[in-house]
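The chain below stands alone, shown as structure tokens; this is the form predicted on its own.
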Amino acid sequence: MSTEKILSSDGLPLEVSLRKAERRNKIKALLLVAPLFFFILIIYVFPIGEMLFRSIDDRKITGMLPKTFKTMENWDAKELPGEPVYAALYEDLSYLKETKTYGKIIARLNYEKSGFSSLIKKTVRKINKFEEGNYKEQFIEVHKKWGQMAYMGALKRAAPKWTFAKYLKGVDLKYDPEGEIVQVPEDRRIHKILWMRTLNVALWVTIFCFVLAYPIAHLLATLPMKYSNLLMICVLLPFWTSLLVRTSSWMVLLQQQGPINDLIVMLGIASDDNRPELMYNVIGTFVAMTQILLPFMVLPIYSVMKTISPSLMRAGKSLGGTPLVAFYKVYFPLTVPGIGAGCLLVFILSIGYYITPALVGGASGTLISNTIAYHMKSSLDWAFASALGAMLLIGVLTVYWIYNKLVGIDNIKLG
């Protein structure tokens, strides 16, 4: 039997030549996928990773008050700390004043306990007049807050390099001076209300969109093509208009002296002196968001309905079912994949909506996304905004997981 190896046209063994060809194909495939991979990495993975990291990163203040936090490690926070803590605080603040960087710790400490801004500024102005020794008495003499457990405890809570305090704050919880998790005072419990309002708005907007979109999609799927295309242009028309313009239009329509209120008065539903308030509340948020997000519900349902043969309904009727029974037993179950895709899409979009609630919703229509924007642009508490954003992301992923468990993600179809 001949053991001579089979050679390819380039003189290499066939097996080696095939491996080289397969390697070249893999490299080509990798190069084709590389732009998309780097796009996802830069646009999605890095920003989300930075957001998650920033929400627990508290190293800046730890690095600026190293001696203070080092001496606080042995403090039990049951009574005021001893002289070594105040001596270390004197050294740290003296260095920060010399380098003119003490302003960086003011905002962070003020998030922990309001009043630190004036406390630090006043102390830094007079710290050059301190005499050696008895630092505790001198600090308290400069400002009595240095002798209060609330402020020294807040300073200790800012010591860890990594903290989940921002996540606790997002659900109206905090660490007490002993390190236990407790609720914030009742008059400051606003974030749970915002989370429930956000979920409530997202849920009802999804329901309203489904109720309005289903008959529209059915009409589009059953009409002749020339009429269906014309109506489809009407459905897609909002996409050609700026979101800000559409929201501003609703502000004009829903105002007290707007066309909708004029129509209500003309029909006798309400008197001219008792016009309903349709804007700067949850009603305005519902109306505007439903109209804006409606196409996102219509398109998935329509794309699935278009694939359903009309003969199936005729078959159901011919077997003795009434039109209603045939629709319920035959047609509706076939549209469930489109309904699932539309509902999931609208719910996820509405849970993170921010422009429309900010302009139309007013104080009672504010959602958690508006709070995130406020802390990013106004209060500059980026760590807290990152924590809220991470919680919102986890919430969306949880909704996605629950839907997958109950319905099955394989049942989602866009056409």
Partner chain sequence: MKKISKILLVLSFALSITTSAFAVTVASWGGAYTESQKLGYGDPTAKKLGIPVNWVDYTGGLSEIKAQVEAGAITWDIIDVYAKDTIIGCDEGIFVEFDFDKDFAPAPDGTPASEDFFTSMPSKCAVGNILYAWNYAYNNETIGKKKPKTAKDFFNTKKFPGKRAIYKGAMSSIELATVGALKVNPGKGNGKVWAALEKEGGVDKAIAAIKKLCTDPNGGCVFWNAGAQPPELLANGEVVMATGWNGRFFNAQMEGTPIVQVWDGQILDYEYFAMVKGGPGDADGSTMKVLREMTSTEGLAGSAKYIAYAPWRKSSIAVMLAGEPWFKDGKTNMVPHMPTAPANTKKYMLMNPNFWADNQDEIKEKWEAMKAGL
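What you are looking at is a predicted structure, and each value in this text was computed from that prediction instead of being measured. Positions refer to the first chain, counted from 1.
Keep in mind the form predicted together with its partner chain is missing from the figure; the text below concerns it.
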| item | value |
| --- | --- |
| Stretch in contact, per heavy atom within 4.5 angstroms of its partner chain in the model of the complex, of 73-81, 117-125, 294-302, 341-349 | 117-125 |
| Of 229, 242, 256, 134, the one that lies within 4.5 Å of its partner chain in the model of the complex (heavy atoms) | 256 |
| Position in contact with its partner chain when the complex is considered in the model of the complex, options 140, 235, 173, 106, heavy atoms within 4.5 Å | 106 |
| Contact label in the model of the complex: residue 67 to its partner chain, heavy atom within 4.5 Å | no |
| Contact of residue 110 with its partner chain in the model of the complex (heavy atom, 4.5 Å) | yes |
| Its partner chain contact in the model of the complex: residue 188, any heavy atom under 4.5 Å | yes |
| Residue 214, heavy atom within 4.5 angstroms of its partner chain in the model of the complex | no |
